[in-house]
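As structure tokens, one chain now follows by itself in the form predicted on its own.
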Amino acid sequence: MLSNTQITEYHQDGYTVCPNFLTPDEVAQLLTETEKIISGNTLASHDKSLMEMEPDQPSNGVKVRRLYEPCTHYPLFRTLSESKKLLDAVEDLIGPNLLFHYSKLNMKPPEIGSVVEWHQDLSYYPLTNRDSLAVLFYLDDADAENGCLQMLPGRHEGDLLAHTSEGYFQGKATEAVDSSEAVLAEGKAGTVIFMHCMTPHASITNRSNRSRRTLILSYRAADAFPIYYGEMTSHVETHTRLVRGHRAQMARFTMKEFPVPYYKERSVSLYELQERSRKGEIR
């Protein structure tokens, strides 16, 4: 369970940081499993359905950028996603009936880890209400040098920032973002961040010689139903499953309107989408 202070912080700021949520042994187990999964993969030879490689490396380079859906494909990660301690904390924030939505493991390799531009998670997959959050597990010590998470506190209660240009979803904020009030969410390995789906966030390139691996799990209230926005809807919903409580018989609506992300074509990841946007390919 979370403390009253942490619950208040989440609702007030759009996130709360929980040091030592995972024990050193739990972190070590997750990292050992991760190394087993990525071992032997190269830019030229890897399973594109399971992982994404850093593009700026030789064809025999072994730097992985992201693992797709570890909590679906690997038992250790799935067990974590359904653990009582974690679900108790999520319930404290969004209620007793919970859907697991998706998972990913961002690797941020030393001196190359890709940048993530400002965005809000709900822009990618509109729902009938905002009771959706991401849980970010730092598996390495994270700070400004190795590209820790940055967030804008208190912005989760406003309207969605523009993420569209020339009629198509760009995967990043397309309006100016005042980052002067951005907060760096630094933390030791084992730290967990609970982040509201409307909280603007970003991270810079890993400039250090240290990894910054972050496991990200998303949950939502069972009565937060997807709003249809084309074929990407079913793609994003593929791994959704009930993890606590009961399925909802009715959708709960808390917004009168919400922007629909029109994707020019199917996208496999935020990294790919933002890169294509920077190159002016989404128009």
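None of the values given here were measured: they were computed from a predicted structure. Throughout, we count residues from 1 along the sequence that is shown.
Below: the form predicted together with a small molecule, not depicted.
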| remark: Among H163, H196, H101, H201, just one has a heavy atom within 4.5 Å of the small molecule in the model of the complex, namely H201
| Contact residue in the model of the complex, from V62, I227, V236, I216 (heavy atom within 4.5 Å of the small molecule) | I216
| Pick from 151-159, 73-81, 118-126, 89-97: which stretch has non-hydrogen atoms within 4.5 Å of the small molecule in the model of the complex? | 118-126
| message | Even though the partner isn't displayed, in the model of the complex is K172 close enough to the small molecule, meaning a heavy atom within 4.5 Å? | response | no
| So in the model of the complex, does any heavy atom of N106 sit within 4.5 Å of the small molecule? | yes
| message | I'd like to know whether C18 contacts the small molecule in the model of the complex, with contact meaning heavy atoms within 4.5 angstroms. | response | no
